[in-house]
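Below sits a lone chain in structure tokens, taken as the form predicted alone.
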Amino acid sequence: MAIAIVIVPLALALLAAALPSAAWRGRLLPVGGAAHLAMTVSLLRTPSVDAFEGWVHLDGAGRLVLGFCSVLYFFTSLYAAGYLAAHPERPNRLFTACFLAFIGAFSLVAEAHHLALMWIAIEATTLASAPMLYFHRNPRALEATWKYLLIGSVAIAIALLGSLFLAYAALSSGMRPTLLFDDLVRDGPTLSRPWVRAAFLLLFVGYGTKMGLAPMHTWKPDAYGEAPGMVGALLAGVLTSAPFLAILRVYRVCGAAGDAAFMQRVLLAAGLFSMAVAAVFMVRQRDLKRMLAYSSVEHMGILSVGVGLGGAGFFGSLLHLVNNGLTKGVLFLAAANIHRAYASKSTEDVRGTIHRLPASGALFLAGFFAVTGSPPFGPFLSEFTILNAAVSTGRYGVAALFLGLLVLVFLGMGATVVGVVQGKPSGGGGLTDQRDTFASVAPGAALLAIVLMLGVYVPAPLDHLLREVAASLEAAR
């Protein structure tokens, strides 16, 4: 099953590329989503998942990321099938093949326990997702795709250099060079400290760019802004989880080498800076999807702040990874419905969505409250946990700055969202006959229900997994 969860989506991608019928290619997406979710559940119930002499191993962090991303992918695939059916005039052969291949590549990221294999898998997710950005086939989509590929290529090259530095850290200490994570953690105390520190900085810059941390975030506004809504959901919830998982695994290695304090300072500074940049650019933002891109920059910063604080911050950051990913699914799917109805993403054209699209407008408004950390939604619990970690460790300045930036984001994003949702419905020739349907609303509503549940109750298996991964990170300090 460990290999099947990678091979099956890739096989379905080949089938989608070979099918002559565009309609059947679209119907293949939820089949792939359901199959992946079923295999994920089977893997999560398997106590030990190992293959290829330790190169493939599903640890606690991999289980966490694979589990929630599979749920998000499943509901996104349901939406994608309806979206493609509503656009039969657009060619979808490459899109459907990449949509299916993407989750196969991501599954390999979750299972890869070798630094080089993980590097290859993360680059595969980039290559699989890039053609999906060009679905609308206009000049702005082409520009966004090339910018995404160019910046991503530079980032992955820097990460490769960091991987080589980490291997050399073992070689310079007279040890056999290895890139297996378990071996690196075991041999951490004997690794060369200067080479470990240099490796971490390079890996953090490389994978931090893939996450979209400021100032390496410049690909995000264009990519999220031009991609179809369901692709935006995958970019914000699934794609960014892959490099964050890589950073967590590198953190354990460098922590075992005795450099945890240095890493936490870097993570804390980068996280707060990302939140500040997002807060500035979110004020008076006139493009709905670009606003969600800057929201993603903010939340990548929140994840980094949680890890940088340590202690309870580990738990809060891991929980926030899940909450943010699912919430972004709600927002991007609702934004996709709004975009289709108004034929525009500009706040100058999009007004009164609660009247024109009652369900989608309500989902977008609820998603806004969720993503900005309002109770009783899940992000409130995870952000409060991170804030409590700052206060409990006596970092009152960090706590005050963290809370202040959250307030600024709420105000900046709120001004845009309220204007879009409320008010008199805008008119003009850009309006289409798109209306809310069960197929376009149900996936986002289901994700919102999960986010709401996580705000009031964290299931025992998830809580146990979060604590297990947080304890492994704490042990590396």
Partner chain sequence: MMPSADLVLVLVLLSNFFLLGSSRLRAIVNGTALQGVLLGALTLLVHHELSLEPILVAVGATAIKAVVIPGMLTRAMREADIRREVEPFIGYVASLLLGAAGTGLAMVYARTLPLAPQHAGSLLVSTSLGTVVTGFLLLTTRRKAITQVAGYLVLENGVFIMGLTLIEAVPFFVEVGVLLDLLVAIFVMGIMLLQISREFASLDTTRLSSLKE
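Being a predicted model, the structure only gives us computed values, none of them experimental. Numbering follows the first chain given and starts at 1.
This protein has a second form, the form predicted in complex with its partner chain, left out of what is shown; the following refers to that one.
Proximity to its partner chain in the predicted bound form (heavy atom, within 4.5 Å), stretch among 111-119, 347-355, 399-407, 367-375: In the other structure, the partner sits against 111-119.
Consider the chain as shown here, without its partner, and state which of 102, 251, 79, 294 has a heavy atom within 4.5 Å of its partner chain in the predicted bound form. Selected residue: 294.
Using a 4.5 Å cut on heavy atoms, which of 91, 194, 258, 215 is close to its partner chain in the predicted bound form? Selected option: 194.
Is residue 388 one of the residues lying within 4.5 Å of its partner chain in the predicted bound form, judged by heavy atom distances? Residue 388: no contact with its partner chain in the predicted bound form.
Though only this chain appears here, would residue 127 touch its partner chain in the predicted bound form if you measure heavy atom gaps against 4.5 Å? Yes, residue 127 sits close enough to its partner chain in the predicted bound form that at least one of its heavy atoms falls within 4.5 Å.
Give a yes or no for residue 343: in the predicted bound form, does one of its heavy atoms lie within 4.5 Å of a heavy atom belonging to its partner chain? Heavy-atom contact with its partner chain at 4.5 Å: absent for residue 343.
Test of understanding: in the predicted bound form, would residue 172 fall inside 4.5 Å of its partner chain by heavy atoms? Residue 172 belongs to the contact set for its partner chain.
Out of 204-242, which residues reach within 4.5 Å of its partner chain in the predicted bound form, heavy atoms considered? Counting only heavy atoms within 4.5 Å of its partner chain in the predicted bound form, the contacting residues of 204-242 are 221, 222, 226.
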